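In structure tokens, the next block holds one chain alone, the form predicted on its own.
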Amino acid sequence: MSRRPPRGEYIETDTGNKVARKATLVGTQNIMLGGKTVIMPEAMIRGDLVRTLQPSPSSSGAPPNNTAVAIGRYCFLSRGCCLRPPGRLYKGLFTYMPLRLGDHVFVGPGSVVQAATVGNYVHIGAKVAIGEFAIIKDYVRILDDTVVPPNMVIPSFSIVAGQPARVIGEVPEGGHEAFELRELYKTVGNNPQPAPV
């Protein structure tokens, strides 16, 4: 009989991240997690799509920053979603630029995010496609099945829907607590707590 404790469904890091053993993280050395982030099974993060440009010889000798995906605190990546850095031609070569997620970002199941920046307190619904180099500001709600075109800038406090996406409303005053993900974080992991009623 083995004395080792049973392996849980999630790997829990020192900073409180909960990563499902069935999640796919490619190029982990290029993925930065801010702490208390949940990555569900079948979620994919493409850290292998990293900037390929060589540093200029005039640089101070510091190592190049190879972060492909940076994720803030209390983010929640649902089952089957994909985070993928945006890519483009730069100085004649195709390269990838970093993808940055702020704090308290929820990414719904089956969504694909290729944005340049996603701000703080953003809720991305199910089966959403966010095009390359889109910029999503703070306190934004993107409804299910929305297609955000490349290079679109979504202003703060917007509710967005449609194919292609357009602003259909704004987050009501006092409705900002709905973006808080601390309680959702506690319901996931090897020792989950029940959701508050």
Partner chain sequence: MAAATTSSSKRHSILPPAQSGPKPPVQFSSSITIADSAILIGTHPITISTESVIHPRARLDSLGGRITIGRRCIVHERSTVGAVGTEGGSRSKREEQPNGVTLGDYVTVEVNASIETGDTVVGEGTHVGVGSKIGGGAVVGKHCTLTPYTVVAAGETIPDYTVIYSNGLRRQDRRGVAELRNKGQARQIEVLKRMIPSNPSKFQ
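Values in this document were obtained by computation on a predicted structure and should not be read as measured data. Residue numbers count along the first chain shown, from 1.
In what follows, reference is made to the form predicted together with its partner chain, a form of this protein that is not presented.
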**Asked** With the partner left out of view, is Lys36 within 4.5 angstroms of its partner chain in the model of the complex by any non-hydrogen atom?
**Response** no
**Request:** Decide whether Cys82 counts as a contact residue for its partner chain in the model of the complex under a heavy atom distance cut-off of 4.5 Å.
**Result:** yes
**Distance check, Gln114 to its partner chain in the model of the complex, heavy atom within 4.5 Å** = yes
**Request:** Would you check, heavy atoms only and a 4.5 Å threshold, whether Val167 touches its partner chain in the model of the complex?
**Result:** no
**Prompt:** Counting only heavy atoms and a 4.5 Å cut-off, does its partner chain in the model of the complex sit next to every one of Asp48, Lys127 and Gln163?
**Reply:** yes
**Prompt:** Which one of these stretches, 69-77, 116-124, 87-95, 100-108, sits within 4.5 Å of its partner chain in the model of the complex when only heavy atoms are counted?
**Reply:** 87-95
